[in-house]
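In structure tokens, one chain follows: the form predicted on its own.
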């Protein structure tokens, strides 16, 4: 489903250039649940920004469904993220002036998805223990609750690939298990799930484990 070839991204710092992502060859197929671990600063977030089209690489290729998406325009990449690739970023990404339900549905409704999103959103909120929060605003939610809302938003429109950067960092043990169970079920349904984490509880049976160090990804 997704494949990178010699993907490279360099940055300059204090007159020195370093490769945050260093000639990475990587692939993930539908049905895969892949987890990338590695120390902070090793390039995981940069790699995710590249494959989701948020950042442009300096060299290499990114293929999604055999399409060379590294050649896409910004508009094409935005449409891809709105329909087929979901990115769960670190930190708080909810819109403060919209309710939980609106935060989950509105971005996708603007991309052409129908009103059936609300029914699916409520299913996800029930699964994540947030059914009673549907009409609350983000300021009334805890950090862990906001994170689960962001995860629900990533799945509501049935994307083909979900990329999640530290998705369990704000969650307790019980809710981490709920989210990881959901990830595994979604992978079994044919989606590709790619996670970066420091949380070793993500390394469940059946998970494909990669390690990233100094911009290089290797299978564990």
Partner chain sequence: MKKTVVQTMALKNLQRRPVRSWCMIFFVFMLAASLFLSTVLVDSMKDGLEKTANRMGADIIVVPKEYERDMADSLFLGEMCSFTFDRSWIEPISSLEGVKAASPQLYMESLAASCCSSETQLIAFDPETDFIVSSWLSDNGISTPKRGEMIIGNLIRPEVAGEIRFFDQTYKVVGQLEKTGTNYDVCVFMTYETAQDIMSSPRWLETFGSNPDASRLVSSLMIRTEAGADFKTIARTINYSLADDCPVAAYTTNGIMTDAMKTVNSMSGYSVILLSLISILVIAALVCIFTITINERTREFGVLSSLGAGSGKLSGIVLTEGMLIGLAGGLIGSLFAAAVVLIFGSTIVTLLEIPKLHSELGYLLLLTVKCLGLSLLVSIAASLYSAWKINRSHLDALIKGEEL
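In this text the structure is predicted, and so the values were computed from the model without any measurement. Numbering follows the first chain given and starts at 1.
Another form exists, predicted together with its partner chain; not displayed. Remarks below refer to it.
**its partner chain: the contacting residue among 134, 141, 124, 89 in the predicted bound form [heavy atom, 4.5 Å]** = Checked against the cut-off, the match is 89.
**Prompt:** Mind checking whether each of 49, 81 and 107 has a heavy atom within 4.5 Å of its partner chain in the predicted bound form?
**Reply:** Yes, the whole trio is in contact, each within 4.5 Å by some heavy atom.
**Prompt:** With a 4.5 Å heavy atom cut-off, would you call residue 54 a contact of its partner chain in the predicted bound form?
**Reply:** Yes, residue 54 lies within 4.5 Å of its partner chain in the predicted bound form.
**Prompt:** residue 102 near its partner chain in the predicted bound form, any heavy atom under 4.5 Å?
**Reply:** Yes - in the predicted bound form, heavy atoms of residue 102 and its partner chain come within 4.5 Å of each other.
**Prompt:** So in the predicted bound form, does residue 153 come within 4.5 Å of its partner chain, heavy atom to heavy atom?
**Reply:** It does: once its partner chain is placed as it appears in the predicted bound form, residue 153 has a heavy atom within 4.5 Å of it.
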